[in-house]
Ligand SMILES: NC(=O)c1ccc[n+]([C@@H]2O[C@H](COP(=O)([O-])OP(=O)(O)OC[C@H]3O[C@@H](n4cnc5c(N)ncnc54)[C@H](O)[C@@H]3O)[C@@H](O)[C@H]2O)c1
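Okay, here we've got a single chain as structure tokens, the form predicted alone, with questions on binding and movement later.
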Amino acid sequence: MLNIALIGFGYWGPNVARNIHANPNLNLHTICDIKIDRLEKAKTIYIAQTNYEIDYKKLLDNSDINAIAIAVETSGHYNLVKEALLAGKHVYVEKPFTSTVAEAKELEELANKLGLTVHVDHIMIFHPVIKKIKSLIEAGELGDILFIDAMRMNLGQIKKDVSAMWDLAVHDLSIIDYLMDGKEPFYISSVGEKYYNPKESLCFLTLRYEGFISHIQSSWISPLKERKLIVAGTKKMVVFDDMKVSEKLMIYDKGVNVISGENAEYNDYAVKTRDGDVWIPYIKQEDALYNSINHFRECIEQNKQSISNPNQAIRLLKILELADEKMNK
């Protein structure tokens, strides 16, 4: 059984702790946080089932701990991941991986040199609906992909160390990267505004890929909470609405047919839309975070690369850095 220690029990840390604890092949060895009140909260949940620590360096010196899970602000990722790797620990870290591409490349090189697993929690690629969409694309059910639209917005939680794009759009960028086998955009356009915050709280990102385009909207200042993805192909189109309790994925047999040949009438438009059936596939309910953490475990035990490894994270960070440059202009 692998022993994992968690650094950070703030906003997302409790969810990570819960899913590590729920995995029968993992042991939540220690919860670490510099804030006493957070540790006291953790103690009311796990009591004597785990250990509690203020100083994270004691985790690095503990030979019983195999891996470190990091759930702190993005600005703290680089130093913590580096120290954990140098201490010989495998690392699970929240998204975004680091604050810069340069930091990510350095950590990737270090992990490869030391033969350690780094798993960046691009949680959405472990969602059962996203895995279903991936299978539909691979089977040719959707045809050629025309566009991918994503909308991720709500009122809060406004973060000061990253923008809404770095916090929210990174989910959708990881989905596109996963669905399209790591394809990278050749054109990026972005706009944003810094409402109530030193970083952009509202962002619009447009990407052009070979064969398709994508538009991603990220907002912390919306009255509505939206988590929606549209993937449109030449054969079928799908809509994933993650805010629905059930029936999250809808598959539309809709599209456009080109009119050609001698039977095409003069007044007919060049193309006609096609309406077909709509159906909801059965998808077994799974916890994406549990799947992500379990994949991390499997990668350590089988000595293999995570599908959300540093190289994938670097592809996403390149997009985010260039989008920042465009916005700042």
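No experiment lies behind these values; they were computed from the predicted model shown. Each residue number is its position in the shown sequence, starting from 1.
Unshown form predicted in complex with the ligand; subsequent notes refer to it.
Student: Please run the contact check for Lys236 against the ligand in the predicted bound form: heavy atoms, 4.5 angstroms, yes or no?
Tutor: Heavy-atom contact with the ligand at 4.5 Å: absent for Lys236.
Student: Wondering, does Gln157 line up within 4.5 Å of the ligand in the predicted bound form on heavy atoms?
Tutor: Yes - in the predicted bound form, heavy atoms of Gln157 and the ligand come within 4.5 Å of each other.
Student: Since only the chain is shown here, I'm wondering whether Lys35 would be in contact with the ligand in the predicted bound form (any heavy atom pair within 4.5 Å).
Tutor: Looking in the predicted bound form, residue contacts with the ligand include Lys35, since a heavy atom lies within 4.5 Å.
Student: In the predicted bound form, does Glu73 come within 4.5 Å of the ligand, counting heavy atoms only?
Tutor: Because a heavy atom of Glu73 falls inside 4.5 Å of the ligand in the predicted bound form, the answer is yes.
Student: Using a 4.5 Å heavy atom cut-off, which stretch among 180 to 188, 117 to 125, 247 to 255, 204 to 212 contacts the ligand in the predicted bound form?
Tutor: Partner-contacting stretch among the options: 117 to 125.
Student: Of the options Lys89, Lys95, Lys132, Lys199, which one has a non-hydrogen atom that comes within 4.5 Å of the ligand in the predicted bound form?
Tutor: Exactly one residue meets the criterion: Lys95.
Student: Would you kindly say which of Leu80, Ile137, Val101, Met153 lies with a heavy atom within 4.5 Å of the ligand in the predicted bound form?
Tutor: Result of the distance check: Leu80.
Student: Look at the candidate spot formed by Asp172, Phe240 and Phe296 and say whether the ligand comes within 4.5 Å of a heavy atom in all three of them in the predicted bound form.
Tutor: None of them does, since no heavy atom lies within 4.5 Å of the partner.
Student: Going by the ligand in the predicted bound form, which residues of 1 to 16 come within 4.5 Å of it through any heavy atom?
Tutor: Read in sequence order, the residues that approach the ligand (within 4.5 Å, in the predicted bound form) are Ile7, Gly8, Phe9, Gly10, Tyr11, Trp12, Gly13.
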